[in-house]
Each structure stands twice: as C-alpha cells, then as structure tokens.
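So this first bit is one chain, no partners, the form predicted alone, shown in structure tokens.
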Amino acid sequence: MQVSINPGTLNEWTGNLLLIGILENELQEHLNLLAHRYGKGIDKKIKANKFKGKSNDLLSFDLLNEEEDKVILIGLGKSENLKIETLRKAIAKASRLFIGSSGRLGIHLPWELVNQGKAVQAVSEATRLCFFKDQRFMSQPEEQITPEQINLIGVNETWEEILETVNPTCAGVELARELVGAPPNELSPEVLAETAKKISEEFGLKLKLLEREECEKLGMGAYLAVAKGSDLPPKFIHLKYQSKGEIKKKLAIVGKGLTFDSGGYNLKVGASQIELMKFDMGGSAAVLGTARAISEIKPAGIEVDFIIAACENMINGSAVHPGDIVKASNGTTIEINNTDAEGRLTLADALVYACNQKPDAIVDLATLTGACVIALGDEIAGLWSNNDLLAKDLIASANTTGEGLWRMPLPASYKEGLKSLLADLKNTGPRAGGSITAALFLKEFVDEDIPWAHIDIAGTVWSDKGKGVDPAGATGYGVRTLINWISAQPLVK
C-alpha cells in the first residue's frame, strides 16, 4: 500500500474511493464543496440521512458517478475541538469501510487546523494499520482486498519525507501483532530467536544469541530458574543497531519474552485467562517490531541494543518451587514466593545485561502485572521511571503516536513489601500497589546512574473488541512510541 501527498484541491483529484472529514460548524462550506463536485442533489442526500458532521457521524455513498465507486463522510465535530487524535480515530473508523474495495483512495481533511506534519503521520499510519487482519492460521482465509494507493489531498509537499517512515513503522507494528497473535505451539523461544535472526540478515543488524550454557556463565540465575520448568530451551537475544558516523546516544530496549506463562506451580486458575498467556511476550514483540522498523528508517547518531530473555514458564519435575532462592547476575538473591511473578525474574538478568552495555538510557516493556490493568484499564500503559526527563520524552512520544501512557509513582517506602527474611528480596510484595512493587523490584537491577523507564503493557497488548487503529486481538502496542522516541534522539541525562 503506497501513501502519497497530493497538494491539489478536492475538485482536481481523481480516483475511485474518497474519504472526506466534515467539521460540524463548517457543514455548509463542505456541502458547497461537495455540490461543486457531485451536483446540487448531494446536500439533500446528506441532510436526509441526518448527517451533521458531529464527531463520529458516518455516511457512505456508493456509485455516485462513473468515476467513483464509494464516498464516505466522517464527522470530526467542531473545529475548535479538532485534535490529531480525533483525526486518527475517525480515519481508522471510516477507512475500514473500504475493506473489499481496490484502487486509489483519496483522503480530504482540514489539515490547516492542526499540525500538518503530525497529522500526515497519524492519518497515514491509521489508514494502513486499520486494514491489518491476521489470517495465518485459518484453513480458508478470506481474500483481503484493500486500496493499493492512498492520496492525502491538499497537503503541502514539504511533508513528503514523513511518509518515508510510515511503511517501516507500520511493518514493525504488524510484525509485533503477528508475534503476539501466534499460538504458543507456533511461537517458541526458538522461533523468537529465528525472527531476530531474519531481521538481522535482512536489515544488517548485529545479532548475538546466548544459549543456556552461556547464560549460566554470566550468572543469570533468575532468568534460568524460570526456564527450568520447560522442555524448550531458553534463548537470550541481543540485536544491535548502529547508525553510520558519530554515535551521540546509546539506548537499550528490553522486552519481556515469556512465550507462554502457565504460572508455574502457582498455576493460573479461575479468571486468569491462561488461554491468552501467549501474549506474555508482548514486550519482546514490541522490541522486535521496533528493531525491524528502526533498521529500515536508519536514524542517525544512534546505537540501540534490543534485548530479550526468552523462555516459557511451565511445570515439570525441574520447575522452580515457591520458596526457592535464586541469585541474579548482579549477585542479588531472590526468594521466589510466587512462581507466577516470573517475568520480573527474567527481566532482572536482562536489565543487568543491558546495564553492562553502558547505555545512556534503558526502557523495558513487559506484560507484568494485572494490578496495572486494574489501575489504568486496557487503553493506557503504566510508566515508572527514575528520571524525569526520560519519562517526559516517552510520554511525549506516546502522545504523538496515539498510544496511551501514564506515569505512575515509584515511592521508595513501598520497597518494604519486598523484604525477605532469608534473601535480599522477595519477587512479589503485598497485593496493594502490586504494579508499583513490581517496578521497584526491577529498579534493583538497574545501575543508579543510568536513566531507566519501565512500561507495563499488560492491559494494552491485547484488545478483545478492537479500538482506534487496533484490531481485535494483538495491538502491537509500544512499537510506535519507541520508534518515535528513538528517532527523536532523546536528551536524557
């Protein structure tokens, strides 16, 4: 799907599919514009259908004339309330109605009322991503017919360079969606490693894969304790992107990589949604999707380490017991009082490894706690950080890309709940403030002088019904935020 800019007017544009955003308080001006293109009868049809341009009003016309097959009007509300996110959601909703139609789709919006560059990016990504449908595991997949070309009508050509990032970004999101959506009998730690290898070969990234024995030599006792319960070997994945020329920033992105989480001996029961625990590698999916996109976009002056400690959390005769004490690679001993809090154990060693790369900042993404879902729901991820500037940069990137992100507190006093009688730490604290104590646990494995942020994506990684640009199922959350943050060369200190 090719997205391009067409600086001409609506009446100059030619194509067979058309999407027009209508402002509520400028409805008559729009009606005059449409009447010039389609004839005076168009306003009667619009009024007969009680379309007023209110937010999310939707009206579709088929076969208006010999040139156009379908025209869709989407209400944008009042002009003074128009925002980039309004456009993003409206375009995603309306564009889905073009599934089944091929040809050239023109999108005409009041670009002049918003930041045109950000609008071009948002609308382009929303249009492409809303057409995504994962049919890999269907015996008779439906034919996916969608527009081959997207024209953004009335946009200044100076914004054309923004489109160069759209396809790589969307490809990264789609890769993350496919990884999260794959069933656990298809997506193992080894398959995650193979995916990283394909990315490295196709886009020229450096790849280092650590097997169990190499992880043992590095003292990764926390990570390997989780992996003991599975017949499948763990895979520690390290991809590296290096731009040409002077490196101004070194960043590390760490993703939780549990390809299936049974809960271990603290088996997930009741309303735990054990059948969906394939999405417990959503953090690693976002990391690989971002690596794939960044390697194609090629931002300058940046080095990025993409790190995943991949394994399963299963039950066999070798599985870790509740009550076991293990030692992480930084020497910290951990009493495991809950084997279903395994993600933070794998991340502990991954974060120590990331610190050893001497980055300027570390960001980890993980489907870590149900407590975060209770606090923020399924549209907003939680953010914890030891650095105000890093947190500000990440929230700004999330706002730009339409991915909800909210900073949460990190009070040192809550660490009391992680105290163990026998070891340095327990892996879980009390029920109250569970997402906070989880973040405080991770903080113990990050060097104090390195800016670090933890993003809990437990609620945002999956959508039962779909929302905005995301389909039902895997959302690919985090990829767009990370791409934007990395490309902006964040000024962390």
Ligand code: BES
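This structure is a prediction, so every number in the text was calculated from the model and none was measured. All residue numbers are counted from 1 along the displayed sequence.
The following text describes the form predicted together with the named molecule, which does not appear among the structures shown.
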Triple contact flag K268, N338 and V373 to the named molecule in the model of the complex, non-hydrogen atom at 4.5 angstroms: yes
Look at the stretches 338 to 346, 302 to 310, 376 to 384, 194 to 202 and give the one with heavy atoms within 4.5 Å of the named molecule in the model of the complex. 338 to 346
For A453, is any heavy atom within 4.5 Å of the named molecule in the model of the complex, or not? no
Examine L351 and determine whether its closest non-hydrogen atom to the named molecule in the model of the complex is within 4.5 angstroms. no
According to a 4.5 angstroms non-hydrogen atom cut-off, is S463 in contact with the named molecule in the model of the complex? no
Indicate whether the named molecule has at least one heavy atom within 4.5 Å of a heavy atom of L163 in the model of the complex. no
Which residue, L210, M277, A319, C355, is the contact with the named molecule in the model of the complex, using a 4.5 Å heavy atom cutoff? M277
Since exactly one of D364, D261, E125, E403 fits, which has a heavy atom within 4.5 Å of the named molecule in the model of the complex? D261
What are the residues of 225 to 258, in order along the chain, with a heavy atom within 4.5 Å of the named molecule in the model of the complex? K256
